[in-house]
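One chain is shown next in structure tokens, namely the form predicted alone.
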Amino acid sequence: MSSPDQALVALHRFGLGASAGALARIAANPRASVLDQLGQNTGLPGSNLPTSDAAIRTARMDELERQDERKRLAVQPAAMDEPDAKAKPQSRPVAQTIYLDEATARFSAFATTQTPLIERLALFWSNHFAVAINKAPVVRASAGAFEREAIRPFIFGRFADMLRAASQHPAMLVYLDNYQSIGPDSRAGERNQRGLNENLAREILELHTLGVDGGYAQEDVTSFARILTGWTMVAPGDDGFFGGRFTFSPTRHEPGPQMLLGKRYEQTGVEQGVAALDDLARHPSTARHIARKLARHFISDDPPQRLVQELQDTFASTGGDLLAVTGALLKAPESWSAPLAKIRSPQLFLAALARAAQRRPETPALLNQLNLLGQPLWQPAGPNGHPDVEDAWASPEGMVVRMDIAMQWARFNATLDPNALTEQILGKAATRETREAVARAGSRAQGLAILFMSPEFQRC
């Protein structure tokens, strides 16, 4: 099988799709256009959004005020003399307002970023350390900040630092219930008879580090959960300044040393957990697990074993240096010779549409489209994140929905010339069949929809 068009590899496999003029800009050296993004600023372009603690405090205050209002209305006598009185309209919850602002920034980055590789990596890592907004208003308000604070700063840094930042972030602590996990023999445990929650410990071992086949047992999960007791957050309603931030509570922490994967961790307070995370980040099973996931995300559902081994070796030899690991991925010959075989996930599909088209719908409409496509923003079905394999997105039902959404975008951009756009975003990679189908379309909108559903556009 011949190698895929190198410009399309750069724009689809390691980017978000072509924007106007992108093909021409990178034509001379597609690989350099991707490699040049290594080490660049990983912040969200153009965002001016609240920190997680500020978002959590304001969302929690709003939640409490709404609860008080519902209680007040429940005991208020009915206005019998005003049967036509209109109910006071309910304003949008603060957590939802913050979420919409975060989503708008996310979609804007999809459409305008000059470093699409970084956006792809941000999507990958935030899905690896997944949180879900439907867990609680606190998570809804802070999911965007979680990506900005716990993921983006470490995309080209140390995996151990990203792991620690994600594990200590309030969004993760609430999502996986560790904020209320209490050591049974701790002072708080003896006083309140409340117990251990193993959710965060289990998912760190199974999903974030070692992998399901990483060599740990149930005893390790329980021991690790004890190590992580006391990792919580300052109650957002109790402290106007520190509320919503990570804190360590000695009174909730299980006393004494703990064994994890055959190693003894002494009672050192919060550092006991930090030491365990650092060791997990350097574990050989973690190197293998991360290498597999990266290769599967960017190359194919069944990636070349030589590439997986190279990524694993790079991760292990550099202590989890993600700049080195990403560089190894981009420089591997398989990354440029493997066919563009994966279908774009719904988020990548909308990102490609946003870069190809001149106009995009408003944020609520885009969020609804992601819901219909089965990949709601920051709302996976479980802690393992959204699926990253072909079968999840290529079902007949899913493709029908995708076709409907492609037509909506086409109608929204019906002033565009589909034949010209084909040349701009696919160039010589467009097949004769695609060119002829676009040219024979009965209208511009129909031609655009055909282009958006073409195999060349759908694959990455």
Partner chain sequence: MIDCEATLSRRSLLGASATLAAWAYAPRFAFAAQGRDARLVTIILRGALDGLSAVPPLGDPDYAALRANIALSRDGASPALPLDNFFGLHPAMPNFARLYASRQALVVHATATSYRQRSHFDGQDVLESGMAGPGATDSGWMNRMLQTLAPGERIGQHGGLSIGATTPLIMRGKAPVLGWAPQSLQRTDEDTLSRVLGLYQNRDPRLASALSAGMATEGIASRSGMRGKGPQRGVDYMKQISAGAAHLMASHDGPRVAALAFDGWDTHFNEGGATGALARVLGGLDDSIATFETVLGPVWKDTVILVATEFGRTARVNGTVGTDHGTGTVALLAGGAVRGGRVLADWPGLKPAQLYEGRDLAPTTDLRAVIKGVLADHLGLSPETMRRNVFPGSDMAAPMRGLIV
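All values reported here derive from a predicted model rather than from experimental measurement. Positions refer to the first chain, counted from 1.
This next part talks about the form predicted in complex with the partner chain, which is not shown.
The candidate site formed by Ala394, Glu433 and Arg440 is fully in contact with the partner chain in the model of the complex, as each residue has a non-hydrogen atom within 4.5 angstroms of it. Though the partner chain is absent from this view, in the model of the complex it lies within 4.5 Å of a heavy atom of just one residue from Glu219, Glu190, Glu390, Asp313, which is Glu390. Note on contacts: among Met61, Leu38, Met399, Leu49, the single residue with a heavy atom within 4.5 Å of the partner chain in the model of the complex is Met399.
Contact annotation: Thr415 falls within 4.5 Å of the partner chain in the model of the complex, judged by heavy atom distances. Although the partner is absent here, Ala381 is not a contact residue: none of its heavy atoms lies within 4.5 angstroms of the partner chain in the model of the complex. Contact annotation for Gln446: at least one heavy atom lies within 4.5 Å of the partner chain in the model of the complex. Although the partner is absent from this view, Met407 contacts the partner chain in the model of the complex, with a non-hydrogen atom inside 4.5 angstroms. Heavy atoms within 4.5 Å of the partner chain in the model of the complex are found in one stretch of 63-71, 415-423, 40-48, 25-33, which is 415-423.
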